[in-house]
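As structure tokens, one chain now follows by itself in the form predicted alone.
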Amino acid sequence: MERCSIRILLQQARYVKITAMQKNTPRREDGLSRERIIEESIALLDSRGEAGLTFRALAERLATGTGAIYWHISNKNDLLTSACNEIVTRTLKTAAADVSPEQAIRALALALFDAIDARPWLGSALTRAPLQSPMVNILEGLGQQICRMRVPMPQQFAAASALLNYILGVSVQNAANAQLGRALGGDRAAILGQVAASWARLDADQFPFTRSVAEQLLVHDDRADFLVGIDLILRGMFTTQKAHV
């Protein structure tokens, strides 16, 4: 009889403990889905950067266990690529419609430039997923406009690759420069002033061009310069098109 009473007391104590744990554990009102996991991953990446995206941190935000996340996402690389693809998909949708192919390419390029500038982790994720969905989606967006421009078929892939590499290369470098600027105090004018002053002191015979553009460095606009590069590539594509007419 005494053993039975002890067993009952232990069961009651266990029930009380479980009930207390359930009350103190946040409940998910909606079901866990891959889409929700990706949304929370983007929020983590925006607030903490790539280093802050861990399955433990994500599980805390979702009020679930890491095992539930692994049911939808295989690993961190899959998670990062999926988050990257979601942002790329949204960005491509913002590109102007019902415009000339040249205008569409400029809009797409500038949208990606701004997206990577706002989210430096995006550029890093893109460069590590060269054959995956995010890059393929960008390539397709550019390629469709290149076809509209009637660039000859043998030159289409080279033209799309040139645009893709330029857009990503410049955008990622611009984001890196912005991060470096913030690390140095965030005063862009002061930083550029120091660099321009150092360029102006270079040997005139060895660095004639760099010395000549030192003053332009102080007043240049990154987005405007980026679009100049896009226009140069488009101009080359137009020349190729005329040569084959």
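Because the structure is predicted, anything quoted here is derived from the model rather than measured. The term rigid core refers to the most C-alpha atoms you can superpose between the two forms while keeping them within 1.5 Å. Numbering starts at 1 and follows the sequence shown.
The next section is about a form of this same protein that is not shown, the form predicted in complex with a further copy of the same chain.
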| item | value |
| --- | --- |
| Site test, 137, 177 and 180 vs a further copy of the same chain in the predicted bound form, non-hydrogen atom cutoff 4.5 Å | yes |
| Any non-hydrogen atom of residue 156 within 4.5 angstroms of a further copy of the same chain in the predicted bound form | yes |
| Residue 147: touches a further copy of the same chain in the predicted bound form, heavy atom cutoff 4.5 angstroms | yes |
| Touches a further copy of the same chain in the predicted bound form: residue 70 (any heavy atom, 4.5 Å) | no |
| a further copy of the same chain contact in the predicted bound form: residue 101, any heavy atom under 4.5 Å | no |
| Single option in 33, 54, 47, 212 placed near a further copy of the same chain in the predicted bound form, where near means a heavy atom within 4.5 Å | 212 |
| Residues of 160-180 having any heavy atom within 4.5 Å of a further copy of the same chain in the predicted bound form, listed in sequence order | 160, 162, 165, 166, 168, 169, 170, 172, 173, 176, 177, 180 |
| Displaced residue check between the shown form and the other one: residue 62, CA, 2 Å or over, core reference | no |
